[in-house]
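We begin with a single chain expressed as structure tokens, specifically the form predicted alone.
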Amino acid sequence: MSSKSGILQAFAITIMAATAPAAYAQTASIKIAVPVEPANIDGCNTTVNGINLIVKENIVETLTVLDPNDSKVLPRLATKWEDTGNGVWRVTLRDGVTFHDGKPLNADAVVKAVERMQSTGVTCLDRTKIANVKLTAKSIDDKTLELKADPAQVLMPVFLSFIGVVGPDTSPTQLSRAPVGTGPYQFVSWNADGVQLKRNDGYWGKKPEVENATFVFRGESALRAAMVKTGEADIAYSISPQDADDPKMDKAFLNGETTRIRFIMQPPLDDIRIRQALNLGFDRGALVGTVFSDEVVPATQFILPKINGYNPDLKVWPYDPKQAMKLVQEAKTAGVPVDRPIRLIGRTNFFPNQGEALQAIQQMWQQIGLNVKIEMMESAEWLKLVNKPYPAERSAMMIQEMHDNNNGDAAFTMYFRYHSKGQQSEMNNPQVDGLIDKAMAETGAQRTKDFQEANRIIATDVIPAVPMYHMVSQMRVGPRVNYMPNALSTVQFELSDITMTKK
């Protein structure tokens, strides 16, 4: 940090401390500082980083939720679900639930939400979680509906946790910046002061303690941490390790996220020797305990060890710059354009110290003879690169990504990341496609075995990415509130779990 930016930051902290409203500390109103302002807060994007913190289970509820400890499926707006055969599940809805606009929750409203999520009228990214599955919803009576999955899905109860039930008057063609749901909080406003929510006193469930919540967007980790220190905010998300210097307020937790750098396989990245060299030329150990927390775990695949289908036989790539340079030279001799610039795309404020990490990795790769250029993008532009339909002309590039899978099964990663028809796949491998298709229809040990074999082929034969780490997050929680983060806290931050400190 330059001396000028340090002076400005110190000045900003002083101003915050001096101007924090005196009445703020006396109310059940809280402020949460997060890194990035989302493009929308639509209820069909509850799985998208940044949107989920505000919307999921706060404003818009899903049919089921997952236990953060073991991914067990728990009821939310649905109280019962039953497999009636042939891909059809009968779902029973909770009684006495109304949307924030006063309309009742009924089967027709859920059918409409499912149809909207699956339509092409809006870009609902939650549908990427159900990959190639077509859901058809039909109302049976006021509180009962049928959901048919084609092909049939044994994991339908988990799928229900991806269906955000938005109000029936939600636009079918536009993403919302003012969502209507059934949750314990309802949308108030979105302006320069952030996104404001207020408690829904007509909520069907337990009444939360927090009355009002404001999400504010601050890009610098140090600033977010300082806001909590000075009382300007109550909770700060994604604090960098170097800013988490107060053991009384800072909480570290495994967050379920895995990072990688994905290859767009244009020359020279279409040559497997270059993809191998990039993995061998990355010193993963050098960033542990320096740029990242000493609790991050180097990854071998894009799912966590607790997920069904994780292959325990895969090993972390060793750091071997000599072998990496040898592979680059072999490729060059064979006519591969190894001197061609390779874009390394980062997403602004994706996670703490991302910029520092990319700069360190860039230097490692330059040392093995590759011409890597860093570019940082805002979320909206970055999303255009990672989701199909891809831009018509894509040069050789690598894209920094982060993915959470706390859903217990590899299905929620494998199809849309690695199948040739996947929304975020760069691959076209018939053997992997066949294994994924086969596993998706199986249960038990064979399902696990086929996913594991697919992961082996991906990691050793295709090499579509540089695996990085299973990540750890730091959150700062101020003295006015009580909140303990869990494995879902980076994707599902329930205001109802927060209590006010008793004086």
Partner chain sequence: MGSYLSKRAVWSGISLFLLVVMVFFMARLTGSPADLYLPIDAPNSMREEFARLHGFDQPVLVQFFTFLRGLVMLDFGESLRQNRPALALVLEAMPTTLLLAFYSIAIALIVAVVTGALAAWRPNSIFDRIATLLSLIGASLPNFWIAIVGVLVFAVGLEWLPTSGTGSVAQWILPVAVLAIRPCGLIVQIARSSMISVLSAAYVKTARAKGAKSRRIIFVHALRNAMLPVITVAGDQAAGIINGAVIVETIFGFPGIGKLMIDSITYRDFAVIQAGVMVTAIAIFMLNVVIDIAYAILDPRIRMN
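Positions refer to the first chain, counted from 1. Note that the structure is a prediction, hence the values are computed from the model and not measured.
Just so it is clear, the following notes concern the form predicted together with the partner chain, a form of the same protein that is not shown.
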| query | finding |
| --- | --- |
| Of W89, F416, F263, W317, the one that lies within 4.5 Å of the partner chain in the predicted complex (heavy atoms) | F416 |
| T84, T333, T120, S189 - the one with a heavy atom within 4.5 Å of the partner chain in the predicted complex | T120 |
| Interface segment, criterion being heavy atoms within 4.5 Å of the partner chain in the predicted complex, picked from 144-152, 306-314, 323-331, 173-181 | 173-181 |
| The partner chain contact at W382 in the predicted complex, heavy atom, 4.5 Å | yes |
| 4.5 angstroms heavy atom contact with the partner chain in the predicted complex for D339 | no |
| Contact flag, E232 vs the partner chain in the predicted complex, heavy atom cut 4.5 Å | yes |
| In the predicted complex, N406 touching the partner chain (heavy atom, 4.5 Å) | no |
| 4.5 Å heavy atom contact with the partner chain in the predicted complex for all of N40, E220 and L223 | yes |
